[in-house]
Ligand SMILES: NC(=O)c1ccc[n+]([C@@H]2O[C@H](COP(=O)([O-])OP(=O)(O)OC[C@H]3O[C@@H](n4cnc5c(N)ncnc54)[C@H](O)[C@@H]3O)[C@@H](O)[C@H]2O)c1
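This document starts with one chain, in the form predicted alone, laid out as structure tokens.
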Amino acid sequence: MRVKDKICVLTGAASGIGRATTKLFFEEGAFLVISDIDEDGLEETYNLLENAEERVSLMKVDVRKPEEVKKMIEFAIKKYGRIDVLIVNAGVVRVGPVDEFSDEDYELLIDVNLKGTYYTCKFAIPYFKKQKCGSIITLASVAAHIGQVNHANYCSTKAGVLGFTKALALDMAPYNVRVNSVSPGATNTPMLQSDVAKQARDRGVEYEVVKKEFEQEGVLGRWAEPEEIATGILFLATDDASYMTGADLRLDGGWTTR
């Protein structure tokens, strides 16, 4: 078991990559504090784990609200005395041309993707500094590395996550805390499915047409499954990645190699 008895805090656990990561870390022996704004989805994730009550705690958390994020971190510290792995996974996507994009949607992207990442790290950092060990893993995106049509605002927030992660790695290196990111490509999650569905509606084409376009962006010709991204997150959490910090693990099916 690669993370046996490690204390892991994970946001965005109700579906997709967060759910797959929760399941994998649980199978690999971790103790988990999982959170999401979606209580029903969070319960579904929890119910997929056998004897979850022994090693998993769940909390409804809106990462846009610093008081809720702080409460989550403090709960983990009170319960376990430390945090070994912080997985900053909560995120949202909104798409559309910049000139037609609503301020509300852009504020949501900034509040969840950027501020949510900031708050989650901010409240955990003092404990990481004190214990002088640990791993912080953020979720960037292929959209942090390339431009995508009608994704300018989303791309800007994920590029921000990438820059935040690199700089934080420098700040945390003296404390023996590694900070890395994962950049998934097209992954078969509810978030991407909703993105594709909206683009299909806006363009007046079938869902499968847009899906095929995404599949062809990478060189493997398919979407990733969430479990494939979870394995990369697990790697960064283990001693196998002990010499990695400030790095970005691109799990994009070759998208950025073109």
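Numbering starts at 1 and follows the sequence shown. No experiment lies behind these values; they were computed from the predicted model shown.
Another form exists, predicted in complex with the ligand; not displayed. Remarks below refer to it.
Put simply, residue 9 is far from the ligand in the model of the complex: not one heavy atom of it is within 4.5 Å. At a distance threshold of 4.5 angstroms between non-hydrogen atoms, residue 191 is in contact with the ligand in the model of the complex. In the model of the complex, the ligand sits within 4.5 Å of a heavy atom belonging to residue 139. At the 4.5 Å threshold, heavy atoms of residue 89 reach the ligand in the model of the complex. Proximity of 178, 236 and 241 to the ligand in the model of the complex is absent: no residue of the three has a non-hydrogen atom within 4.5 angstroms. Distance criterion of 4.5 Å from any heavy atom to the ligand in the model of the complex singles out 112 from the list 125, 112, 83, 168. With the partner left out here, the ligand still marks one of 99 to 107, 126 to 134, 71 to 79, 182 to 190 in the model of the complex; by a 4.5 Å heavy atom cut-off that stretch is 182 to 190. Taking the ligand as it sits in the model of the complex, the stretch 33 to 71 comes within 4.5 angstroms of it through a non-hydrogen atom at 36, 37, 38, 61, 62, 63, 64.
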